[in-house]
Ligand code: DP6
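Heads up, the chain below is alone and in the form predicted on its own; it's given as structure tokens.
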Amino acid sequence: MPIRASSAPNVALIKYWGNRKEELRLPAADSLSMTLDRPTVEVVADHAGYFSARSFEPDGTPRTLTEKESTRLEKHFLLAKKYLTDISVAHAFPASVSLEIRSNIPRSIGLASSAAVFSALAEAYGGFATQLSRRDVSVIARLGSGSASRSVFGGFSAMIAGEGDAIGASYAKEIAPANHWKLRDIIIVPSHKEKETGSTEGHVLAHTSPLFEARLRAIPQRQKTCIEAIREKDFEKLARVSEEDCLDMHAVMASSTPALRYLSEETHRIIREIKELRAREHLAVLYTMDAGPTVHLICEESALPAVRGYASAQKDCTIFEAEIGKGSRVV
């Protein structure tokens, strides 16, 4: 019986960048994010005699997966099987699978498409194995994309880096549910050009930055402050710590060898203008960017009309609007 699962991206407030063990995507530090309700990814997994994967555009048109994409998907399946074997629940898991992936998310523009894909796959794989905890599903998601572990949960969730090199050492947990704080995310995509260096390759370069160790030392306090801001619904505190961490991560990227410059001139223009708008109209809005030029404008309901109006005035940009989502699920 095939299993169908759905998920959506998350937007990181404390960023995940750099691993202590690349093969298992064990992060070098904790991170924290807000799960979105759209745009979505849907996957179907079924028993099969050999591994295969097909991908479809939002309109149903087949899309040929690159060799790199196919290899990543198969490696994730094998790692999921290894983890289920380690926790003694692999008996119900298929020897191999066929996958169908339908995504409404533009790829490689910093909109966490991999987080949505691999959290949906983890949910589907979890459907084959009974009695998995949400923590187990988050571990399986992490094996495909580190940030995917957080999309397993709705609302606000943290990835716990953990210690050691065991496959299950790092996992995600919920910080606050989806109905805790009514925030919106207005997403401005200035370019659909796929980035030259993907996040997987970028994580490997993090250690080459002279700023990386200082970033690792700063994250525990930032994580604590961010959790406090969420639980207290203190938007000013949330904006301060999340923007600081975002700019810090991009400084690490830009000082890596080779340098990674994901932010475009348009990104920097939007940041300048939203800071001016925020100061002028006293708006509860913050900006943040993951590994790409896309700008997330997270705001409270009171700021939504002004932020939405600003976004709609951006020429040659694609705009998404998202609320807080409930995380990955079997459908």
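Fair warning: this is a prediction, and the values are worked out from it, not measured in the lab. Position 1 is the first residue in the sequence shown; the rest follow in order.
Below, we turn to the form predicted together with this ligand, even though it does not appear here.
Visitor: Is the gap between His207 and this ligand in the model of the complex 4.5 Å or less for some heavy atom pair?
Guide: No.
Visitor: May I ask you to state whether Ala122 is within 4.5 Å of this ligand in the model of the complex, using heavy atom distances?
Guide: Although this ligand is absent here, Ala122 would stay clear of it in the model of the complex, with no heavy atoms inside 4.5 Å.
Visitor: Is Ala12 close to this ligand in the model of the complex, meaning a heavy atom pair under 4.5 Å apart or at it?
Guide: Ala12: contacts this ligand in the model of the complex.
Visitor: Any of the heavy atoms of Lys173 lying within 4.5 Å of this ligand in the model of the complex?
Guide: No, Lys173 is distant from the partner.
Visitor: Look at the stretches 85-93, 224-232, 144-152, 182-190 and give the one with heavy atoms within 4.5 Å of this ligand in the model of the complex.
Guide: Comparing against this ligand in the model of the complex, the contact stretch is 144-152.
Visitor: Within 4.5 Å of this ligand in the model of the complex, heavy atoms considered, which of Arg240, Arg102, His203, Arg135?
Guide: None of the other options qualify; the answer is His203.
Visitor: Judged by heavy atom distances of 4.5 Å or less, which residues of 259-292 approach this ligand in the model of the complex?
Guide: Residues within 4.5 Å: Asp290, Ala291.
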